[in-house]
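Shown next are two forms of a single protein chain, provided one at a time as structure tokens under the names structure 1 and structure 2.
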Structure 1
Amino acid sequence: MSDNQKSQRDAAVEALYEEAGHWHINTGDETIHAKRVGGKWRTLKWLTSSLWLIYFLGPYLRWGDRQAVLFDIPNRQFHLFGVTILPQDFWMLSLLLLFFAILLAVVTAVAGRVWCGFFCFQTVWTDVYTWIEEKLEGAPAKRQKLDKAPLSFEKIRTKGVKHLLWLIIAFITGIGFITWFVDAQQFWIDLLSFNLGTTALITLALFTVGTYVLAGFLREQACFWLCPYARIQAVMVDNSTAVPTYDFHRGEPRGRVKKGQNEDDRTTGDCVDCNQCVAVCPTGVDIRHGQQEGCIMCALCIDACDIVMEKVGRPTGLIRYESLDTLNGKEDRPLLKRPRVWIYTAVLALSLVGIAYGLSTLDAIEIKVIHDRQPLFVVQSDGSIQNKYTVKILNKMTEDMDVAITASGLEGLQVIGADKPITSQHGKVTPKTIFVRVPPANIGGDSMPILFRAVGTDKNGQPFVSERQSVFMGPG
């Protein structure tokens, strides 16, 4: 290292140490004003954050004459592009939730809190809010000063603009949420003509206030004290999980760079104790204390540390994605040798297969048969036995359909009340009472299986079939 380089380095670290005095560990009593530095992880974070644009823009996608994705709760219909899912097919939702739960687990097992650090709405919205704050109020030190400054016109103006922008974002967030559940175009018409319904207004107000408070004020405290997911991290992470880690073998004992010191003479580790990793941390933790619940693993400290390492001429990666095992010199277990990966993958695959099966076998019509219990059966004057059934025809198509009902399974049975096809209304359940009569000679017990079959025909003549097993009761 030449003298020139040394003096350059000394000037750089001097500025860093001056700043270092301002940072201390977050205990929740002071607003965290994290410093923003660039870097590849910062860029990646912006990219992952931008996925949330789907949340805002998705509802404006159209499919034919309706919204492409619409969770129409009042009409109990979920539209997903070409598919309409009725509550009867809701079991698929539990598989979808299972899929995401396990996806979360598998990602956490492999690379830590990726969701928290890069995707979570709390992280992303807080990030955007503090970005606005920095644009308006300046660097962290200036913000802290402004916070402490007495009330002045200038302070009110700056803060006022900030809060206004925050509220606008919060309001748009509310609109984004609602437009997944009501038609987006109609929503804007209602909004601009002040014709919103009570539910929409309440939802909008809740989301506006919620977003404003959570992203504007609670911030990392939500991750610390509110979020249950943050609480269950520890069980998903193990020694093979690669997470942002401070390489204490390399860094310790940390020591400040002394002016004019030769790099070869130093007795300290690579960590120059500049506290930049703490300064940039959005939750205010110190990564050098090791894995901790306050760390959302957003990797911003990696960027900060690498910048410093470059400045002081030491190799980068003092803080990097690394597992505890490799950090301690053990061989890294390959992914395929980790049982968690196998188990999680199996569950993931199962839920995916289930959803695929469900979507591919969505019936156009579905019948349910309810056997009347009082009386179980009626003896007719000719001695034949009559049973009463309520057949419920669910039509999942978008148009009404004529459905013919037949029954089979008992010799000589006669279906009464279904001689004409039944018009089943689309998207609804149409109930129909029918009677089945069986001659006494063919009664073989007090409970016999009977199979109902419904054949619906749409306007193109395509038949849709649904079958349902029931019982025929007799005197035995």
Structure 2
Amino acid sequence: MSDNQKSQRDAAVEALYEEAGHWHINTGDETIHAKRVGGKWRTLKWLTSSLWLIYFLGPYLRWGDRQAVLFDIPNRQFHLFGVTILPQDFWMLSLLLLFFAILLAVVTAVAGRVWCGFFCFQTVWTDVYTWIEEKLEGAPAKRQKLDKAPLSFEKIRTKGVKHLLWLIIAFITGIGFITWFVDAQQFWIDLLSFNLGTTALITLALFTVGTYVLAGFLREQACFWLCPYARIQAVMVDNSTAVPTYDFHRGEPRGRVKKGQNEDDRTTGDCVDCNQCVAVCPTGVDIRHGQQEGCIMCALCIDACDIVMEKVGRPTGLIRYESLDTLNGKEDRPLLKRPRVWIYTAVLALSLVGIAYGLSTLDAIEIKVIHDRQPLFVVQSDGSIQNKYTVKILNKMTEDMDVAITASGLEGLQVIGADKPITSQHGKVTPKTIFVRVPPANIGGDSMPILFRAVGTDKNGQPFVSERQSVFMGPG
């Protein structure tokens, strides 16, 4: 290393040590003002956070004459582009929830709390709030100084602008949530005309206050005290899970860089004890103490450490994504040899197969046939045997549909009460009472199968068919 490089290194290290005096482990008794540094993990964090734009923009995507994705709870309908899911098909929602729950377990088993560090709404909104705070109030040291400063016009103005922006984001967050459950266009009309319903107003207020308090004030304390995931992650992570890890073999013993010292002469590890990994941590933990409950595995400490290692002329990767087994020199167990990964993957596959089957077998109309038990059959004046049925037609379309009901299975069968098509209301169950008569000569027992068939036609002339097996009861 040349003298010029040494002087540059010494100047950089001196600045780091001067800043390091401001950082310590936060035990929750003060607001954490994390330092922001650039790097590949910070860039990745912004990219993953941007996925939440779908939350805000998704409700404005249209599909034909309606909202593409709409969870219409009052009418008990879920519209997903061209598919309408009614309560009878909610078993698919259970499979979807199971899929995401197991997916979370798989990701945690492989790479730790990736959800917490890169995708969780609490993490993302807190990151945006603190970014605004830094732009208005300055670096962490300035923010801490401002917090402790007496009230002044400048402090009130700066804090006021910050809290106003926080409230606007919280308000938009509430709007984003509501518009997934009501038509977004109609919502804005009602909002601008001050005609929102009580439920919408209460929901909007709860989300606004909740977002403002959680992201603006509780911040990392929500991860510590409110989120159960931090406490159950221990059962999902093992020694072969790759997580942000401090390489203590390489870093210890820690020692500060001495001015003018040659790298060949030092007797310490690579960690220069600059506390930058603590400074950038949004929850204020020290990664050098091993895995802790407060670590959300955002990997920002990796960026901070790599920057310092480059400044002092040492290899990067002192903090890196690594499993404990690999760090300790044990043979790393491949993913294919981890039983839990196989089990999780099997459950994921079954969930996806179930959801795909459900979506592929969704019918536009569906009928159920209920046989009247009192009486089982009636003998008519002409000797024919009559059974009474209640046919329930479920119309899953977004418009009313005329449905024709027929039955077959016995010779000479007559359907009474279904001479004209039945108007089935969209999104609802339409009941219809019909009678089936069969000549006595064609009855070969006390219970015979018959098939009911419903044929509906939409406004474009496309037919939709649903069939249901039932029984015809006779005197035997």
Partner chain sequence: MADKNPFPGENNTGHIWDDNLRELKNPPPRWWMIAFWASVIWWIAYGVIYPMWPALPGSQGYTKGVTGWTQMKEYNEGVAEVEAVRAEFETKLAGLSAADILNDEGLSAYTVASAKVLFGDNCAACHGRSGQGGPGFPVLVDDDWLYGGAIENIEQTITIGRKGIMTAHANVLKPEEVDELANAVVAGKPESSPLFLQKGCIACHGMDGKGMAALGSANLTDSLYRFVPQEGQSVLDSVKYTIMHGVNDPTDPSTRQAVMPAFGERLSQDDIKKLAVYVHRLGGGQ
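Remember, it's a predicted structure, so these values are computed and weren't measured experimentally. Residue indices: 1-based, along structure 1. We call the rigid core the largest set of C-alpha positions that still match within 1.5 Å between the two forms.
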Practice problem: Sort out for me whether 1 or 2 is the form predicted in complex with the partner chain. | Solution: 1
Self-check item: Core-aligned C-alpha movement of His79 between structure 1 and structure 2, 2 Å or more
Solution: no
Quiz prompt | Rigid core superposed: Gln185 CA moves 2 Å or more between structure 1 and structure 2 | solution = no
Self-check item: Core fit, then Leu47 C-alpha moves 2 Å or more between structure 1 and structure 2
Solution: no
Quiz item: Upon rigid core superposition, what is the positional shift of the Cα of Pro440 between structure 1 and structure 2, expressed in Å to one decimal?
Solution: 10.2
Practice problem: With the core fitted, just quote the Cα shift at Glu467 between structure 1 and structure 2, in angstrom to one decimal. | Solution: 4.9
